[in-house]
Ligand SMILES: O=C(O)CCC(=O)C(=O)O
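Coming up is one lone chain in structure tokens, specifically the form predicted alone.
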Amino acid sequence: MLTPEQIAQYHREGFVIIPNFMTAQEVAAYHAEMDRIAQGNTLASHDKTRMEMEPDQPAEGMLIRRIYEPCTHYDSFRALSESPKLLDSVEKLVGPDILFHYSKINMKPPRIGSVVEWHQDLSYYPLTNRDSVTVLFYLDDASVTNGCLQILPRRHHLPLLTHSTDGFFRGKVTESVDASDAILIEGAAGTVIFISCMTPHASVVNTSNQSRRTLILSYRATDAFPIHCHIMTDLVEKHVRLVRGQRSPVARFTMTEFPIPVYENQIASLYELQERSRKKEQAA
């Protein structure tokens, strides 16, 4: 359960960090489950509906970049997403009526774990209001060298930064970013970070010999309805489920306008979208 001081920090800074939210035993159990999920998958042969592989490895390489929707497909992760301890904290941030939105595990394997450029989560899935929170669990000790989370504080009340060029959504901030006040969030395995859907965040390549696995879940208030963005909205919304309270019969609007992402092509993940954008910039 979040304290009043932690709730105030979330609303003031756009994030709050809670060490030791998971026990060492819980972290070890999730490690074992991830090992089971990963077993037998290679770059050349893997279930593309359940995971994404790191591209810069041999065909027989087994380094996974992302596991899709663990809280939908795997019982232990689903149980966490519906646990009273976690939902009690989420309720303090978005209210008593809560939808589970989506989940993913970013693997950040040693020496190769991919970069994630500055972005704001709400840019991907416009909603009628901003009562949406991203919950990020460190499943390994996170440091600067293995690509810990970076956050730009106190930006979540401002308008959305530009994430598009040439009329198409690029999945990253495309305007100049002043990162002079960026906070690098190092933390031990079991740490959780609650992040506003409007808080800019990023992470760099893992240059260490240690993994930096993170479990990421998103929740929103039931009166935060999706603004439909064609097939990409449909892909995300199929995993949405009520986890606490009641569904709202009305949408609550708190913004007079919000940019709608226009996708140039269908993409599998943030990684792929940002990579395509970088290639376009290099070719220009």
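Quantities reported herein were computed from a predicted structural model and do not represent experimental measurements. From 1 onward, residues are counted along the sequence shown.
What follows is about the form predicted in complex with the ligand, which we do not show.
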Fill in the blank from the handout: With the partner omitted here, the residue among 119, 101, 156, 170 that in the model of the complex has a heavy atom within 4.5 Å of the ligand is 119
Exercise for the section: Taking 4.5 Å between heavy atoms as the contact cutoff, choose which of 203, 191, 123, 89 touches the ligand in the model of the complex. Expected result: 203
Handout entry: Option from 102-110, 160-168, 72-80, 179-187 whose residues, in the model of the complex, bring a heavy atom within 4.5 Å of the ligand
Key = 102-110
Exercise for the section: Determine whether any heavy atom of residue 132 comes within 4.5 Å of a heavy atom of the ligand in the model of the complex, and answer yes or no. Expected result: no
Exercise for the section: Report whether the minimum heavy atom distance between residue 149 and the ligand in the model of the complex is within 4.5 Å. Expected result: yes
Problem - the ligand contact in the model of the complex: residue 136, any heavy atom under 4.5 Å - result: yes
Exercise for the section: Using the partner position in the model of the complex, report whether residue 216 sits within 4.5 Å of the ligand, counting heavy atoms only. Expected result: yes
Fill in the blank from the handout: Contact check, 48-81 vs the ligand in the model of the complex, heavy atom within 4.5 Å, ordered by sequence, gives 66
